[in-house]
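Only one chain is included here, represented as structure tokens and corresponding to the form predicted on its own.
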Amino acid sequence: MTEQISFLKRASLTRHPLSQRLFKLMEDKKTNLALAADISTQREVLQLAEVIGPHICLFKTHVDILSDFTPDFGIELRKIANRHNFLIFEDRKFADIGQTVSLQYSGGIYRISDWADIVNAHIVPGPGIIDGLKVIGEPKGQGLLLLAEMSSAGTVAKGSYTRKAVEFAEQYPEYVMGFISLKKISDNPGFIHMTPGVKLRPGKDSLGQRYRTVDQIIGKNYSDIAIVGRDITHSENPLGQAVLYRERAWNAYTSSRKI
């Protein structure tokens, strides 16, 4: 792997305007923590965004699990994101042909492209899925992450699959921001790496999710952003836990890069 350099330097090395914004945002706020708000009511999601927003660079949603979804959800979340300076990542994991994902992204009841800065996609359908999302997202200044690796046991997203994701990303540097991965998989400094399945201690849950520590994913594997969910959202003190993770993740970044 090439020399690890700062987020601020990498902002000048990417062609993607949203990546530039995210790199600078992380440096300005001193945070590379993303919160996975996998909660089933929009009231709780919005409350969490308000409380944790000052400490994160990215807020990850699963809008299709909200039991009380209303069309103003995206509007309200967008207001909070603007107030606390974080990006919104809808973890939709698109996985269909280009025409279908264009409709899923822009239409339906969720209208994801109206409020999310970032979405993600599997590469199983081929590059047409990127084209289908790009036609909606790029004119709005949005970005795409490719699912190159996953943190679940038995995943097939590895090896040649991961290498193909990098190949596709290199073909679309003006729209693809980077990857969901367990480690740094590209030496291109413009691509962002985000890793889910993060806890203070390694382990696994009853449904095959495997957890790695902040020091493992950022300090050793050179991922950029730690995506933390239940260890914050299900904590007795979500704010205190978020502050702890923010410090751990930022320290892992500063001690392993040339800042």
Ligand code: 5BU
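On a predicted model such as this, the values are computed, not experimentally measured, just so you know. Start at 1 and count along the sequence shown; that's the residue number.
One more form of this protein should be noted, the form predicted together with this ligand, which is absent from this view; the next part is about it.
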Counting any non-hydrogen atom inside 4.5 Å, which residue from D64, D38, E44, E50 sits next to this ligand in the predicted complex?
D38
Pick from A165, I180, A116, I130: which has a non-hydrogen atom within 4.5 Å of this ligand in the predicted complex?
I180
Candidate spot K93, S151 and Y211, all three in 4.5 Å heavy atom range of this ligand in the predicted complex?
yes
Among the candidate stretches 66 to 74, 225 to 233, 51 to 59, 24 to 32, which one is within 4.5 Å of this ligand in the predicted complex when only heavy atoms are counted?
225 to 233
4.5 Å heavy atom contact, I136 to this ligand in the predicted complex
no
Is I112 close to this ligand in the predicted complex, meaning a heavy atom pair under 4.5 Å apart or at it?
no
Considering only heavy atoms, tell me if I80 and this ligand come within 4.5 Å of each other in the predicted complex.
no
Quick check on I185: any heavy atom within 4.5 Å of this ligand in the predicted complex?
no
Looking at this ligand in the predicted complex, which residues in 63 to 79 have at least one heavy atom within 4.5 Å of it?
none
